[in-house]
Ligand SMILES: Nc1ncnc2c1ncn2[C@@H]1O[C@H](COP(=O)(O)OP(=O)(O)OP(=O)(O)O)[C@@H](O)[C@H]1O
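Just one chain is shown here, as structure tokens, and it is the form predicted alone.
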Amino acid sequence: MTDHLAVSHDAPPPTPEHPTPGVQAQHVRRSFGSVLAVADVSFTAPAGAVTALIGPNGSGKTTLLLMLAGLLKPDAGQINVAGFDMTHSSYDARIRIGWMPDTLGTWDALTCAEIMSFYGQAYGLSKGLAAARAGYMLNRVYLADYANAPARVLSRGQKQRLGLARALVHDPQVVLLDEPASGLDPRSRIELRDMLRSLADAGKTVLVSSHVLSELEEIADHSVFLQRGQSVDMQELQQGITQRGWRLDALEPAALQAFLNAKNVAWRPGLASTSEIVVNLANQEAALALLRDAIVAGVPLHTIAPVSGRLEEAYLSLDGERQ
């Protein structure tokens, strides 16, 4: 059976109403002994949107998510989830959070339905409602056939899907996901993106950490960048990107090279094909001007596109990542 995530058209069992969702962090800090994991992070993840959490390894993403989920207490700062202060109203906040860690921790001897039902009851659902939600969510992530199978028989991708279903079993208003696409096949990744988008469209707050920036760029409404345990403003990152790489390809590569040389535009060979060329341009207007000049000069240019997405460029502009 292939690893697929799909949105079921069956109506979900009813769940209690929740207050206005959203996540706010203000000057959050956390250390482990002499190691400062999160130095100073402030951001807002609004309701009805997907917010991407991006940063190099060791930037503090997982530690931050653990604090947002109520599993770690910050040394300083304030966290509000769904309108509740995580320090003073931890239970009220955590009951409204769906948390999916990067690695599924579960009891391999229990069946998928038992695991789901247990977590539903742990979040305050009645036994009957927890069982109904368990069945609904297992069907939604295409694990209904494994409802009575022990978790140990699941593949890596299937365990990821079980982890996602477990995080959503109580219909949370805030969803925190740490590398949710890990272990999923390409089609399942597409369906995961559709599911996260549908959650946001339903008014939920979705905060997702992932290194697959091309996929995040397709669904993220907002972005939070971390560098050495500190939040970095996206506008500041974009302002620091003075030029962007663009891929050029022509039916006659020699004519394209001669054209660029005549205009004193520096170029380098691309990676996609032997005829591809990469140039650095300041903005889209510069790319448009270059395309117009190439057409006027009779250069058979058939491709002009950014080398990478804006999230990837911003990620690479982080000092820590470049070092």
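Start at 1 with the first residue shown and count on from there. Everything numeric in this text was worked out from a predicted model, so none of it was measured.
The form predicted together with this ligand is left out here; the points below concern that form.
*So in the predicted complex, does His211 come within 4.5 Å of this ligand, heavy atom to heavy atom?*
Output for His211 is yes: heavy atoms within 4.5 Å of this ligand.
*Any of the heavy atoms of Pro56 lying within 4.5 Å of this ligand in the predicted complex?*
The answer is yes: Pro56 has a heavy atom within 4.5 Å of this ligand.
*With the partner left out of view, is Ala262 within 4.5 angstroms of this ligand in the predicted complex by any non-hydrogen atom?*
No.
*Taking 4.5 angstroms as the cut-off for heavy atoms, does Ser275 touch this ligand in the predicted complex?*
Result no; Ser275 lies far from this ligand in the predicted complex.
_Heavy atom distance at most 4.5 Å to this ligand in the predicted complex, all of Tyr136, Asn139 and Leu162_ = Checking in the predicted complex: none of Tyr136, Asn139 and Leu162 is within 4.5 Å of this ligand.
*asked:* Quick check for you: of 278-286, 293-301, 44-52, 30-38, which stretch puts a non-hydrogen atom within 4.5 Å of this ligand in the predicted complex?
replied: Within 4.5 Å of the partner lies stretch 30-38.
*Quick one: from Glu114, Glu191, Asp249, Glu179, grab the residue that has a heavy atom within 4.5 Å of this ligand in the predicted complex.*
Answer to the contact question: Glu179.
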